[in-house]
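Before any questions on how it binds or moves, here is one chain, the form predicted on its own, in structure tokens.
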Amino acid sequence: MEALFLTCIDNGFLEGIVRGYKSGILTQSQYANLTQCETLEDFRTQLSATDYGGFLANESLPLSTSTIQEKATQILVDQFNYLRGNAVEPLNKFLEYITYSYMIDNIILLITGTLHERDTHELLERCHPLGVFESMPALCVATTVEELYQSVLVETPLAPYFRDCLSANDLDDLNIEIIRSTVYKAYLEDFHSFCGTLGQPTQDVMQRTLAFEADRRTINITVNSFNTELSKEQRAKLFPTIGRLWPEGNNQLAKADDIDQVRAACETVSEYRTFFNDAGVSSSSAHGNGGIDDLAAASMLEDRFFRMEVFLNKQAFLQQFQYGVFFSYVKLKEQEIRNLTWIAECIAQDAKDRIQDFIPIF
């Protein structure tokens, strides 16, 4: 009780703010209005009646979906920066951990650009703003992979993940997605461990959410490694050592050769079993005449993972006096931005038959 009281004193205001932000997430009826729009100008008008207000008011016509995505993302970034700017420890450290996943994606983008001798200054414009840190411009000075690796070790908060998992030679030899998965594995395990120090109910809420994220990555890595040069031993090394599938399910997934074996490995978790049953994917259908292939199966699974992620993040708001709401709000807002981008793209491409293929939140 004392711990909850102290949490309320230090973070009660910010928790109230983030719950206020959450109340502004688009509802089913607002999505229905957006899907009826004939043009992006109508789309902007409908959004102006929501909490987004006039965020596109100063944009000249014709609007582009990339502009809508960029401006919606900037609203999330501004909200997050306000929360972070007013947070004290350990909430401030928790919010910092949230940004690490975006930093990983940004650094991988810069590594990819360096490998292909592209101008890293141009790549900076494509970096996610939540993953931008003060010393990021220093990474653009690097002209070789070796120089970039040394800069990452010195200039970024992700130095421990790279130092403990990879060497400069790996950046030349490994597939870039293997690098991403290796670093993300270290990040998830570290974040999971940190949440274990925060006490209840944050520990319970966040470790449940991170366990799902770990399992999702493990399943995706397995499915995406089919028919590639990635060995089963290498595959197993990319699996996070947390999650509801670990260790038994991870061991089975490390040996899996097709979708059926992936399904069998996930049988012990009822929610995951439902994903596969609803998807109707199997190795026989994946390789039969006119059947779906592994890529389509992976896409169907990913859609169900997004739906499960939304469900878990909505559940986080059912408990008070815990940090999980900050993480969950960011994830729910990201899904909303994906929804807006999808609807806007369908309007722009006149693809109304697919405009309902988004994941509503409330």
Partner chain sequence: MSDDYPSLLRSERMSLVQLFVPTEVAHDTVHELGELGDVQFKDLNPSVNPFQRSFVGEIRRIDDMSRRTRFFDAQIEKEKDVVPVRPLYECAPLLTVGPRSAQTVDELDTTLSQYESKLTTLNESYQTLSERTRELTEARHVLRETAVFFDKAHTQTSNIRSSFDDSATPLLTSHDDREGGYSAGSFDLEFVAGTIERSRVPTFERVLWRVLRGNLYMNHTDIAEPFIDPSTNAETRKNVFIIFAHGDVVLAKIRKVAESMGATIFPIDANADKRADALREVENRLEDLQTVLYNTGIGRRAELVKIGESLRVWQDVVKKEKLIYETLNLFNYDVRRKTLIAEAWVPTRDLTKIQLALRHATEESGTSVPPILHELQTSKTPPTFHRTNKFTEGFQAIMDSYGISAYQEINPGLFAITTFPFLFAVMFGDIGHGFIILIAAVYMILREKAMAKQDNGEIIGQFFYGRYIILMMGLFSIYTGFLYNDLFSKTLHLFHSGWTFPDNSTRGVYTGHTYPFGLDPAWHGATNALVFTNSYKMKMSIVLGVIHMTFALCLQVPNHFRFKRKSDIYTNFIPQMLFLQSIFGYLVLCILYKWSVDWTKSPVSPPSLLNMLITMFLEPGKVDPEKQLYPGQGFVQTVLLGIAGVCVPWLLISKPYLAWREMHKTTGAGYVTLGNGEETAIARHSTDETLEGEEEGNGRAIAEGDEEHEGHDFGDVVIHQIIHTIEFCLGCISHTASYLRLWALSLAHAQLSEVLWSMTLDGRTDPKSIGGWIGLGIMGFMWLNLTIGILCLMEGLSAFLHALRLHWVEGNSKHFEGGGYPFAPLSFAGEGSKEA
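Positions refer to the first chain, counted from 1. Owing to the predicted nature of the structure, the values given are computational and were not obtained by experimental measurement. Definition used throughout: the rigid core is the maximal C-alpha set that superposes within 1.5 Å between two forms.
There is also a form predicted together with its partner chain; it is not shown, and the following applies to it.
Review point. Can we say 45, 57 and 150 each have a non-hydrogen atom within 4.5 Å of its partner chain in the model of the complex?
Key: Checking in the model of the complex: 45, 57 and 150 are all within 4.5 Å of its partner chain.
Check your understanding: For the chain shown here without its partner, which stretch in 139-147, 263-271, 185-193, 249-257 has non-hydrogen atoms within 4.5 angstroms of its partner chain in the model of the complex?
Key -> Only one stretch passes the 4.5 Å heavy-atom test: 139-147.
Exercise for review: Find the only residue in 124, 165, 236, 108 having a heavy atom within 4.5 Å of its partner chain in the model of the complex.
Suggested key: Selected residue: 124.
Review point. Looking at 303, 51, 70, 41, which has any heavy atom no more than 4.5 Å from its partner chain in the model of the complex?
Key: Of the candidates 303, 51, 70, 41, 41 is the one lying within 4.5 Å of its partner chain in the model of the complex.
Check your understanding: Does at least one non-hydrogen atom of residue 101 fall within 4.5 angstroms of its partner chain in the model of the complex?
Key -> No, residue 101 is distant from the partner.
Review point. So, in the model of the complex, is residue 154 in contact with its partner chain at a 4.5 angstroms heavy atom limit?
Key: Judged by the heavy-atom cut-off of 4.5 Å, residue 154 is in contact with its partner chain in the model of the complex.
Review point. Closest heavy atom of residue 64 to its partner chain in the model of the complex, within 4.5 Å or not?
Key: Judged by the heavy-atom cut-off of 4.5 Å, residue 64 is well away from its partner chain in the model of the complex.
Point to revise | its partner chain contact in the model of the complex: residue 78, any heavy atom under 4.5 Å | key: So residue 78 does not count as contacting its partner chain.
Review point. Honestly, after the rigid core fit, is residue 152 moving at least 2 Å at Cα between the shown form and the other one?
Key: Shift at residue 152: 2 Å or more after core fit.
Practice item. Answer yes if the Cα of residue 127 shifts by 2 angstroms or more between the shown form and the other one on a rigid-core superposition, and no otherwise. Key: No, shifts by less than 2 Å.
Exercise for review: State yes or no: after fitting on the rigid core, is the Cα displacement of residue 139 between the shown form and the other one at least 2 Å?
Suggested key: Shift at residue 139: 2 Å or more after core fit.
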